[in-house]
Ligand SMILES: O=C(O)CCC(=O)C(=O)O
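First, one chain by itself in structure tokens, the form predicted alone.
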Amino acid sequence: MDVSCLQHWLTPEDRRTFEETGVLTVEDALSSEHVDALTEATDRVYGQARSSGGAAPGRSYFHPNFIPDDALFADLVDYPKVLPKVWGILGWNIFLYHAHLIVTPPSGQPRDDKTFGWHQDSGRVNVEMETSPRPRLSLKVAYFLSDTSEEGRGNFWVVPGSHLRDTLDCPSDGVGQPEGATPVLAKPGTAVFFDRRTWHSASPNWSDVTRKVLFYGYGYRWIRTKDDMTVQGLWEKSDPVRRQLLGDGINANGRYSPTDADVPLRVWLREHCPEDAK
């Protein structure tokens, strides 16, 4: 990695915002040229899905394991403007455990006030973990390619501060949203970090703008992948840090008691940012 990435490290203000709200927004993380290139790659993937019947008109298209589909997607795995903030929050024993591309076309349906599908990420983790509040374990970074700076465009909704709550009170009649719920208003190029415990939801796209977002989920290396990721083919042409982030390692025990060979990110940090290598 280029040492210039350290100019994008997690600041004390960033940390405070993330710890207090469970969400951190980084505007202009992607240049307009970068957004255009990623949008072209996303449109190609979506177009192929439409042609093969894998994406239905007017329905949200959820595509996990998209990293191998284009080199531009792989380049975001260790993106210099984002990765320093990820390791600043989670530490160095991390990898990409989950990724998904979402395209949400206009629904063509009239606007309503039905309660959204509020949830915390990670499924059974939220049932089987014994502590309260539940442990963080992972976070996601959402790269917004389309303009969701106005509400009603299939926005991602969150309840800021809810990452420290194990339950969320939703309207019992199924109308309206929980107290404190707010849409994430993001222009193209914005990166939004969110703690997996933050109560959040997708929402219908009542606009005429197709929503396009790339999600990168980072977690500890001892967590299983959440989808059937086929990124091993990228290892050979990746540098050591990216190989780590794509799940490479020496052996299974190295996920729990890693050596330097298991975690090149720690080796790099030890040289360039010793405080983060602890």
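From 1 onward, residues are counted along the sequence shown. Every value quoted in this text rests on a predicted model; they were computed, and no experiment measured them.
One more form of this protein should be noted, the form predicted in complex with the ligand, which is absent from this view; the next part is about it.
**Student:** Just give me the single entry in 207, 201, 115, 93 that has a non-hydrogen atom within 4.5 angstroms of the ligand in the predicted bound form.
**Tutor:** Only one option qualifies, and that one is 201.
**Student:** Which of these residues, 66, 215, 46, 222, gets a heavy atom within 4.5 Å of the ligand in the predicted bound form?
**Tutor:** Going through each option in turn, the one that passes is 215.
**Student:** Would residue 87 count as a contact of the ligand in the predicted bound form, using a 4.5 angstroms cut-off between non-hydrogen atoms?
**Tutor:** No - in the predicted bound form, heavy atoms of residue 87 and the ligand never come within 4.5 Å of each other.
**Student:** Check whether residue 78 has any heavy atom within 4.5 Å of a heavy atom of the ligand in the predicted bound form, and answer yes or no.
**Tutor:** So residue 78 does not count as contacting the ligand.
**Student:** With heavy atoms only and a cut-off of 4.5 Å, decide whether residue 211 touches the ligand in the predicted bound form.
**Tutor:** So residue 211 counts as contacting the ligand.
**Student:** I'd like to know if residue 194 sits close to the ligand in the predicted bound form, meaning any non-hydrogen atom pair within 4.5 angstroms.
**Tutor:** Yes, residue 194 sits close enough to the ligand in the predicted bound form that at least one of its heavy atoms falls within 4.5 Å.
**Student:** I need the one stretch from 78 to 86, 129 to 137, 95 to 103, 164 to 172 whose residues put non-hydrogen atoms within 4.5 angstroms of the ligand in the predicted bound form.
**Tutor:** Careful reading of the contacts points to 95 to 103.
**Student:** May I ask you to list the residues of 156 to 190 that have any heavy atom within 4.5 angstroms of the ligand in the predicted bound form, in sequence order?
**Tutor:** Counting only heavy atoms within 4.5 Å of the ligand in the predicted bound form, the single contacting residue of 156 to 190 is 156.
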